[in-house]
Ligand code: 5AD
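This document opens with one chain alone, in structure tokens, the form predicted alone.
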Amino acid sequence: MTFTFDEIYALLMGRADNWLYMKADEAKTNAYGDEVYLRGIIECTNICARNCLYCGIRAQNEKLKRYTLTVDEIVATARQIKAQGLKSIVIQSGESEAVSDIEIARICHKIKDETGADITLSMGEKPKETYRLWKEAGADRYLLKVETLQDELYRVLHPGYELKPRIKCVENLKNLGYQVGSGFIAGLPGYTTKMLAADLLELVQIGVHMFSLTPFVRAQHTPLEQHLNGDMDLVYRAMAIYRLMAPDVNIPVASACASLDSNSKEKGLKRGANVLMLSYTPDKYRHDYALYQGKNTAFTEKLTDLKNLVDVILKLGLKPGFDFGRSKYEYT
């Protein structure tokens, strides 16, 4: 389904919520049936070299206790995920060299060899040859959020960095055969609804296999910690719109949503989303992966416990998907 900018803006403003959510649910069902893909996430380090204004693990946050998992800890956690029946493993980190490129390649090779699972990496901008190394070692997917496609706002939110190299990384990943995910943070200070409408149109043109939209959730010890959190209605509407524009993509209900809406899983899965994610980061580290307030707290962990997620899925009349969960999207 195609929309003009004005139509997207009107939908984001809530002009036709009932129609929008009904059509998004239909489109998701047509693409993926009643299956909800489940993924296990390992947050391998909270060390980051960047100072993004909104992020709790930014380099200048001296209040945060830093950690880095060893190769053995990461692989052991991957075995735990496989033991629970999941065949989709996500390894996420801050943008740093805390875990070297070579070590990530070793990790991918070991996990692929021992579990056979699909591997998604989310480790930021890297040279094309690094992405190639990881692909050859067994990585299947890559998540590289852009947060916004507005050049000036991107520069403000990411001091010292430009948007263009990040978009080039998305192109490199696609050319190397990865299934690529990207997306935005709705409600970031300065990120207007009109900007989001324009970005939705542009990302569809770029073409990604997975669309991830999160609300802005303020983080302690960051320059934006006093700003208001994002609007979950805007998140749900944008997810539904993207489902209609690119019906074959994977769309998760991001973990940040649970920090603002305890019913986000139920709502998101009926408004176009088809993926849920669970953090398997070892207990002694997980509370320090503090991207935002509410990340990996006792409350949000309860909402993302595997049994609870399966119960949510079944109560909605849907089916838990423990297999690879690959996107059906194809770009030209």
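Numbering starts at 1 and follows the sequence shown. As the structure is a prediction and not an experimental result, all values here were calculated from the model.
The same protein has a further form, the form predicted in complex with 5'-deoxyadenosine (5AD), not shown here; the description that follows concerns it.
- Only one of 48-56, 277-285, 65-73, 26-34 lies within 4.5 Å of 5'-deoxyadenosine (5AD) in the predicted bound form by heavy atoms, and it is 48-56.
- Contact with 5'-deoxyadenosine (5AD) in the predicted bound form, judged by any heavy atom within 4.5 Å, is made by just one of M210, A238, L203, V217: V217.
- Only one of N250, N172, S88, Q92 lies close to 5'-deoxyadenosine (5AD) in the predicted bound form, with a heavy atom inside 4.5 Å, and it is Q92.
- Mapping the unseen interface onto this chain, L291 counts among the residues with a heavy atom inside 4.5 Å of 5'-deoxyadenosine (5AD) in the predicted bound form.
- Among heavy atoms of H227, none comes within 4.5 Å of 5'-deoxyadenosine (5AD) in the predicted bound form.
- Looking at D118, you'd find every heavy atom of it more than 4.5 angstroms from 5'-deoxyadenosine (5AD) in the predicted bound form.
- Taking the partner from elsewhere, I185 is found to have a heavy atom lying within 4.5 Å of 5'-deoxyadenosine (5AD) in the predicted bound form.
- Residues from 144-160 that approach 5'-deoxyadenosine (5AD) in the predicted bound form with a non-hydrogen atom closer than or equal to 4.5 Å are K145, E147, in the order they occur in the chain.
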